[in-house]
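Taking the form predicted on its own, here's one chain by itself in structure tokens.
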Amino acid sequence: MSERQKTDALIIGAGVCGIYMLYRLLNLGLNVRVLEAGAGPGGTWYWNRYPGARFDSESYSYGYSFSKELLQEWDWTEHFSPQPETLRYLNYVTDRFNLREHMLFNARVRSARFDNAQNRWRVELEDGREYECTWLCTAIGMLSAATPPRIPGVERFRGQAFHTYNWPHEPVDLKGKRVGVIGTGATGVQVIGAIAGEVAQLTVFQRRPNWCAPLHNSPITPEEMATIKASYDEIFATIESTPNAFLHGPDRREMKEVPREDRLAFWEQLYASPGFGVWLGNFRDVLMDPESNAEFSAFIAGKIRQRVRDPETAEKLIPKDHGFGTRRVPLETRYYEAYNLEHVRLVDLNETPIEGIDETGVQTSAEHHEFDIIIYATGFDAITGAFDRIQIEGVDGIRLGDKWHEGPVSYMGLQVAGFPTLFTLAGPQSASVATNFPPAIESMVNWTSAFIGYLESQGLHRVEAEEDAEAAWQQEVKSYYDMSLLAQTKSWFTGYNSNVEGHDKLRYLVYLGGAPAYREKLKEIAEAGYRGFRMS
């Protein structure tokens, strides 16, 4: 390209968020281009192709709700959709609404710089191509910056090795192989349960165990799908009413109000139910009161001991440093049962830490483990990591990474003072990162696109969060951490990641006030003439 290509709006990312934002901005009559690093749309569901990858929210609560025709056209085959089906769905939506022609694939963004004199963003791709726009929207995902482990010798291994996020697109032959999995977070839990029965030998390296709960997935029959299609109005009304935009809302009783025999029966019912009910449908004080949380954690610990035959292994799989639900709960299928197989072994890295990786495998302080394949399930630089990998410069050359060095600040998770006309969709401190993503992101995209439509109609092409509004939002976000058990646990919700230098302290990444409250605040801001934004 010999010159910079000009558009009204640029969207970085063609995942769930970017696809819908493109649809909305095109309906405003804007000239829009999506810049996507992958070879096709899908975002998370394009990259994560590891065995076992699937929703942990019900399929029919994860799909878009904006089109009644789309809802009636698409049939889900499982209550919790696997990655290949979800990717087909997002491609179907892309083509159903003629969005693909506005997407540029294999287009990884290197930098975005605001030209204060021209009031435009200048965006450069890694291959040197350049774009220019008024409205710049980031739809780069919450968990899209994979973090490989910081282990000496990683590059020396001669077998196959990859992070779960970068699972090869071509088939990986696991049958009869010696496989090592490093990490037991959400992706590790899924992949371990999926491959344990296929490989010849599986060694799991665990640093911190997670509280996991059964997914209880099952196929959706044609009759069930017909009932779901007839019930979408009720389904999405339920989603709008719950704090986390799932089909599961908290029981408004306090645990201590319920006789022990009755609450145990209730917990048995939750544990046997599909989805996040065991986490989000519990008594309202389980995630707020330490004593209530400790009692429910003991109940889940008992379930782990029942499912894992070897008592020593079971104890290693039970977290001792945090209570159930104070980190995001991985939902699993046959995860604990995997450790009952003779060829599956759990290595506790607190007892025998990894010293390095060499040509043939992993060396711990106790022994050498030889592998054909090593899978790194070592997580993500959550929420801010994808922003850090793009050089974003606002007014007077201020870098977003520098402003967020001690932790992100924003106004409503949507704009940052000093970065005009940049909308950080699914950014830090918004409601979407703590909720069922598509319903929450639909609300944010609807609001943001309506705001852009308003600005366009008024001939206003510059908007920026006010510093006072940003500071007030920071305090509100912090206030919810102060009253929640989540803030007392090291997790990606609280900004911790041992695989990222400097991420060893509390950072306020997530708005914990709930999706309904967040939507109400957005509504109030709009009705007050978009209070907190400086427009010109």
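Just so you know, these numbers come straight off a predicted model, no measurement behind them. Position 1 is the first residue in the sequence shown; the rest follow in order.
The protein also exists as the form predicted in complex with a small molecule; that form is not presented, and the subsequent description refers to it.
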{"property": "Contact test in the model of the complex: residue 380 vs the small molecule, heavy atoms, 4.5 Å", "result": "yes"}
{"property": "Partner contact for residue 327 in the model of the complex: the small molecule, 4.5 angstroms, heavy atom", "result": "yes"}
{"property": "Residue 134: touches the small molecule in the model of the complex, heavy atom cutoff 4.5 angstroms", "result": "no"}
{"property": "Partner proximity in the model of the complex: residue 149 to the small molecule, non-hydrogen atom cutoff 4.5 Å", "result": "yes"}
{"property": "One residue of 334, 316, 207, 96 in contact with the small molecule, assessed in the model of the complex (non-hydrogen atom, 4.5 angstroms)", "result": "207"}
{"property": "In the model of the complex, the residue from 182, 416, 139, 239 that sits within 4.5 Å of the small molecule by heavy atoms", "result": "182"}
{"property": "Candidate stretches 227-235, 292-300, 417-425, 207-215 - the one whose heavy atoms come within 4.5 Å of the small molecule in the model of the complex", "result": "207-215"}
